[in-house]
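One chain is shown next in structure tokens, namely the form predicted on its own.
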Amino acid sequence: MESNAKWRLACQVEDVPSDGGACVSFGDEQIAIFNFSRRNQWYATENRCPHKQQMALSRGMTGSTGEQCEPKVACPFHKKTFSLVTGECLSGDEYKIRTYPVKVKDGKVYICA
């Protein structure tokens, strides 16, 4: 995490669909926020899929993979899949996305970016 990173109000809890994602903007940066309501967990990543440079990850399909049930998102256009924990590409490619810490307090979602 960058030294100038700080907690920022991103949205209200109800702005992000259950078991889905939404996009927020901070200046010229788009960040995808994911609500894994079935697991009571939240994640945030950059919204840009590095495969074709499209701002689309917030609209991707979420799920989990492997024995550890690692949370993931698949790009809605080309199905490249990324870990929501590490940002690593789970599709066998060397792509990686940035991830951000998330906290929820009093019905508000904050990200550290």
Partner chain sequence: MSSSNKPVVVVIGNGMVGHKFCEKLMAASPSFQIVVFGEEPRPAYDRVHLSEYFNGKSANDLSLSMAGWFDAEQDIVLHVGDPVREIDRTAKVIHSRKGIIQPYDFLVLATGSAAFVPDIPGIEKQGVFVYRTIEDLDLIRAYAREARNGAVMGGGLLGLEAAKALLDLGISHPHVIEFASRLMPRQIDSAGSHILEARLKKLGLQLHLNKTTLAVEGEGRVKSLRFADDTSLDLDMLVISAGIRPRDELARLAGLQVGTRGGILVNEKMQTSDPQIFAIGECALVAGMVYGLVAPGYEMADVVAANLAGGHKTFTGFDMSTKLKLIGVDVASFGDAFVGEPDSRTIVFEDRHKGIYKRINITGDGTRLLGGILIGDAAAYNMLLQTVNNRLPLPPDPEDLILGSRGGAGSGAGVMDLPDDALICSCESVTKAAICQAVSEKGIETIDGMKKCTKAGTGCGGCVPLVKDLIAGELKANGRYIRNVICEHFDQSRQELLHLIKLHDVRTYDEVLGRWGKGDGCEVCKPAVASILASCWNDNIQQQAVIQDSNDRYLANIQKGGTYSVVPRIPGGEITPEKLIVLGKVAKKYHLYTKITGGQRIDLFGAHVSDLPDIWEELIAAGFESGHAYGKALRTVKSCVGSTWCRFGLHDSVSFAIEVEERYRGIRAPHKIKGGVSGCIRECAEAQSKDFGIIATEKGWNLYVCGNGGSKPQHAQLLATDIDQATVVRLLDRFLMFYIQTADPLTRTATWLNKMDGGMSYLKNVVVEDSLGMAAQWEEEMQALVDSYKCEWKEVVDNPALRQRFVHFVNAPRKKDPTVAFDSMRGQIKAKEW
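Residue numbers count along the first chain shown, from 1. Keep in mind it's a predicted model, so treat the numbers as computed, not measured.
In what follows, reference is made to the form predicted in complex with its partner chain, a form of this protein that is not presented.
Contact check for Gly20: a non-hydrogen atom falls within 4.5 Å of its partner chain in the predicted complex. Contact check for Gln41: every heavy atom lies farther than 4.5 Å from its partner chain in the predicted complex. Its partner chain is not drawn, but in the predicted complex it has no heavy atom within 4.5 Å of Thr45. Within this chain, Val24 lines the site of its partner chain in the predicted complex, having a heavy atom no more than 4.5 Å away. In the predicted complex, its partner chain lies within 4.5 angstroms of at least one heavy atom of each of the following residues of 61 to 79: Met61, Thr62, Gly63, Ser64, Thr65, Gly66, Cys69, Glu70, Lys72, Ala74, Pro76, Phe77, His78, Lys79, in sequence order.
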